[in-house]
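Let's start with one chain on its own, the form predicted alone, as structure tokens.
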């Protein structure tokens, strides 16, 4: 049986600036995506003609992943088949390494990997620009799952501009039990900001300079996440995890995206190892992992 495997990375937002709520229910964003070395794999296997799409999941938190057409990988396969005019007869097997509902775009990574794997399985050779257009219809983070590296995201996050970084960075991630709903975190952000003037989001010049220089300490000083207060409001225990990382000398501790994963920037690989051991010993989170960044976007394995 023909099987094609694609791998896509998790992300952390180095900047996540959220504008006011728009009439269409969305927010304008300015974000800086950073692809980190935690991955999901999507195995695409040819199914019998007329079988349609089916889905299975292995790996961490597999019981939290939907197995029907609400799954982003399923939707990606269907969207690509519609675009190419082919029958979507495929079984997708997702191997999870990215936390589910953890603010690291695991579902979006699955969608990006499914696009690459199915494109290969069906021999389509779809131009990358067209894959990016399909990705943008699936969700704001899916195009970055294809892009990888470090990139500025504008609009709802789907309009990408590459960012040159001069160095690799080391991160430690504290993965929480359970997830947080992204819509719920945005709603809480709106509630907390009600009655206050909310400025249009703008890109951080100092963060761009720090990335160009490759100085982890300067990057740390300029990390920001407008959703962090909302995530902590919904999950107060995150404040203890963030504080613990700072006690253990992380350069900076932030909530990753909409949470509840907490991200800690380390000085180097050795510091990341020491930090991960210390955080693991504290027993405040489900598990602790470390990863370097940036890494490439979705690609065949």
Ligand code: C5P
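Positions refer to the first chain, counted from 1. Here the structure is a predicted model, which is why all the values come from computation and not from measurement.
Here the subject shifts to the form predicted in complex with cytidine-5'-monophosphate (C5P), a form of this protein not shown in this document.
Between 26 to 34, 260 to 268, 234 to 242, 43 to 51, the stretch whose residues reach within 4.5 angstroms of cytidine-5'-monophosphate (C5P) in the predicted bound form through a non-hydrogen atom is 26 to 34.
Proximity to cytidine-5'-monophosphate (C5P) in the predicted bound form, defined as a heavy atom within 4.5 Å, holds among 83, 156, 193, 221 only for 156. Of the candidates 150, 140, 95, 71, 140 is the one whose heavy atoms come within 4.5 Å of cytidine-5'-monophosphate (C5P) in the predicted bound form; the others do not. Of the heavy atoms in residue 186, some are within 4.5 Å of cytidine-5'-monophosphate (C5P) in the predicted bound form. Taking non-hydrogen atoms only, residue 126 never approaches cytidine-5'-monophosphate (C5P) to within 4.5 angstroms in the predicted bound form.
In the predicted bound form, residue 165 stays away from cytidine-5'-monophosphate (C5P), with no heavy atom inside 4.5 Å.
Within 4.5 Å of some heavy atom of cytidine-5'-monophosphate (C5P) in the predicted bound form lies at least one heavy atom of residue 182.
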